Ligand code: TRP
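Take a look at this single chain in structure tokens; it is the form predicted alone.
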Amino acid sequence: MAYKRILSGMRPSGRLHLGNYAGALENWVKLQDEFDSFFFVADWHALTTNPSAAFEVQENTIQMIIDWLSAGINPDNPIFIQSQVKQHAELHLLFSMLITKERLERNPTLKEQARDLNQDTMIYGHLGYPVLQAADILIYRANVVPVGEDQAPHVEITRELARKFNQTYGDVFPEPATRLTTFSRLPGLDGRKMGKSNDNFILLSDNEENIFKKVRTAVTDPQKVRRNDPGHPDVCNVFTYHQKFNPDEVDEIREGCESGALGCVACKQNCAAKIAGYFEPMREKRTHYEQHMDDVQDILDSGIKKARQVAEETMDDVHKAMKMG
């Protein structure tokens, strides 16, 4: 029996950090054994909140794909760039005829983004990006969409558009199911959301020296001033990193912190060593791909070819159903 199909994508942000890994990439690597998987660089989506991002897309795309491959994404899966498969844009246009502005304005995730970005006005592309996302998903007739809870409203819009198209023109698209995934929200070194704009991140590609330097700056329990002070690990960023990357020692570290026997300096050194060791195989694979960039381009070219073939087949069915195009 054929695998069900999923589609997953990221905006091209360049080299990925630990938050990207725990929040999505690690899950992709696991899901690819269960599903027929398509992975794409959402470069058009990057423009919805920053039109100037176009000038950084090319280099950021390559660096991000190298991290995907280094983390274990199978290069036999279609890995491709959204803007290189023009059928996304055509289907986006057709779907835009099937949804109202009022429906898009009710999208709670969009409202949260506008608030976080301090937007007084919203560009047309940002308002309609869930429609583009629906095209991304349905152009490959994905059956399952793995998302965090905040993205579930977008999948519901995708389901509505699939249903509306099928009712209007004929059955072409599946109504994809939402697969909620529990994304680990790793805090940044300063306790805020990990991100490049906050300058509080550790890259998957950081070498051991840089990891030690960065972890030394991490905010810990503010009440643990001296080594022998009892600590509260549940409010400590470093303990969160231990839970993710050093689970075998978590109980011991908690006991040592709470009793005051374990100081923050030693705890950070141990944490940095475990993070460096965890990502060492990925750094080695990254070095290989950096020295074989032609292989990376070949993987991308092959992925684009595979994606275009599926997208063309879908659009052929769309044109037949609509009797136009």
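From 1 onward, residues are counted along the sequence shown. Everything numeric in this text was worked out from a predicted model, so none of it was measured.
One more form of this protein should be noted, the form predicted in complex with the ligand, which is absent from this view; the next part is about it.
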Checklist entry - Tell me, which of Leu300, Leu47, Ala42, Ala276 has a heavy atom within 4.5 angstroms of the ligand in the predicted bound form? => result Ala42
Item to check | Residue among Gln151, Asn143, Asn198, Asn166 with a heavy atom within 4.5 Å of the ligand in the predicted bound form | outcome: Gln151
Checklist entry - Just to confirm, His17 within 4.5 Å of the ligand in the predicted bound form by heavy atoms? => result no
Item to check | Contact test in the predicted bound form: Val131 vs the ligand, heavy atoms, 4.5 Å | outcome: no
Checklist entry - Closest heavy atom of Ile202 to the ligand in the predicted bound form, within 4.5 Å or not? => result no
Checklist entry - Hey, in the predicted bound form, does Leu161 get a heavy atom within 4.5 angstroms of the ligand? => result no
Item to check | Candidate stretches 55 to 63, 34 to 42, 284 to 292, 253 to 261 - the one whose heavy atoms come within 4.5 Å of the ligand in the predicted bound form | outcome: 34 to 42
